[in-house]
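Next up: just one chain, as structure tokens, the form predicted alone.
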Amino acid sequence: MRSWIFILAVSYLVLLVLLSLNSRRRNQTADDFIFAGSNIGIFLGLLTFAATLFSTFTLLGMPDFFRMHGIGAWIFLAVSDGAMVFLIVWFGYHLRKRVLKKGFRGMAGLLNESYRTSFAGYTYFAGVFLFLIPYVAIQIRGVAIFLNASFPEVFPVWGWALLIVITMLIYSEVGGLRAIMYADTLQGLILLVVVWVIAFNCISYFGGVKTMFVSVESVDPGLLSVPGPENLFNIQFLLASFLAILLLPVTQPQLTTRLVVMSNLRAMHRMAVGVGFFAIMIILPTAAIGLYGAVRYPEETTAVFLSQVLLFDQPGIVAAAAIIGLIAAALSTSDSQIFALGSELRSLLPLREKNTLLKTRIGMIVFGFASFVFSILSSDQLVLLARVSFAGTSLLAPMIFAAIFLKKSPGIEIVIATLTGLLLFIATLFNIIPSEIGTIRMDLLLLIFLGLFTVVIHFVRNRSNGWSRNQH
């Protein structure tokens, strides 16, 4: 296996270097560096969007989630991702329509222009920073823990994490967004092949799908129904998760940017359909891997289960490919989000300010090492931490929708309410205030309130403006 790891790792690194250098040659302007020329085709757009969306936690988190909570995880993620396709088509059309009229430097800059105050952009940036940095960190931590459990004599957890961050920053700073998209494409293809090969081997252990479900039922019948053995998948959890995942293309800048830089509307629509297909193809095999673990390793820790199922139960070349795929996934998702934070920082800087690109690159380095620090401090519950990130950024959606769809300034009241909602949600995470009001989850309640509040403010301001015109 180690020989295969060496061969595949060297091949992967050589490809990264070549792709980064090729991207650097094609970056003639700062906008080329940040937005890859805004001329991305269907194939590259599909794989970069999918690879950014389906990251390390797909191969590390989702199998363990199926192992612990059962088939309800399919509803949690696959159904939500499938519905996301329709939102991409609808929201992407209106976003691109707005961008054609006003231009695009980043979502924070667009919010500043729409709300006519920098408070809106800074609120958005604060929200994505607070919830994307932990999300990046869990990608890094997940792979670092896995590598440390598999090869404890090489590096400690923090050593693997630091190596991932440095590699990510180097090729991101060299090649810009285009290099990241090429790396995404490479990672998406590796991950798709590896996860299906491992899933096939897991199903072969049982002798077929039917036998696998019979074996799972004999271990714990609760794994084959909702709300699952630990009662996680209740209606509120599934609804709140559905909305949080559905809104990812609206609230997370690395995905929003990919909608904008597609070559045309037709390419974006076809990319969206492809993402839906990719979602099914990447999540389905993780169910088989997780159910295999529920039978063979029901009491093992996450690290032991993953190292067994991904490495020691697989042929050498498959195990080596799984390791390279995991590293590629961690790099792909982390660099996309760190780069997106850097581009959002750029959109907050004045247009005529000198050294804007230099400050953007410095910001990326700072964000990268902030993720490294958080990766050392965060827990091992990858999927639940990812869901917290999704839920936190989803609270930004009403403010963004108002900016995209309303012709006039939506009103600073919406921004203030959004910031308040973010602070309340953070307070629930630190147990400062309850995570439920009565029997309703706070994240779901906040999202509903912000949506209704935005609609009410819009109608009140319209009615007030109409009354003022009549008075004159």
Partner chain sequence: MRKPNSVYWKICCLAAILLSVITFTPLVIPAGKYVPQLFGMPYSLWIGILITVGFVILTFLGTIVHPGKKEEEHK
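Numbering follows the first chain given and starts at 1. Computed from a predicted model, the values in this text were never measured in an experiment.
Omitted from view is the form predicted together with the partner chain, to which the following refers.
**Prompt:** the partner chain isn't shown here, but in the predicted complex, which of 329-337, 89-97, 359-367, 174-182 has heavy atoms within 4.5 Å of it?
**Reply:** Flagged stretch: 89-97.
**Candidate spot 149, 186 and 376, all three touching the partner chain in the predicted complex (heavy atom, 4.5 Å)** = Not a single listed residue reaches the partner chain in the predicted complex, so no.
**Asked** Do residue 156 and the partner chain come within 4.5 Å of each other in the predicted complex, heavy atoms counted?
**Response** So residue 156 does not count as contacting the partner chain.
**Asked** Taking heavy atoms only, is residue 239 within 4.5 angstroms of the partner chain in the predicted complex?
**Response** Yes.
**Asked** Any chance residue 116 has a heavy atom within 4.5 Å of the partner chain in the predicted complex?
**Response** Flag for residue 116 set to no.
**Message:** in the predicted complex, does residue 277 come within 4.5 Å of the partner chain, counting heavy atoms only?
**Reply:** Answer yes; at least one heavy atom of residue 277 falls within 4.5 Å of the partner chain in the predicted complex.
**Asked** Of the options 209, 193, 304, 166, which one has a non-hydrogen atom that comes within 4.5 Å of the partner chain in the predicted complex?
**Response** Only one listed residue qualifies here, and that residue is 209.
**Request:** Note which of 349, 284, 317, 162 lies within 4.5 Å of the partner chain in the predicted complex, where distance is taken over heavy atoms; exactly one does.
**Result:** Only one option qualifies, and that one is 284.
**Asked** Hey, which residues along 63-81 are within 4.5 angstroms of the partner chain in the predicted complex, non-hydrogen atoms only?
**Response** Sequence-ordered list: 71, 74, 75, 78, 79.
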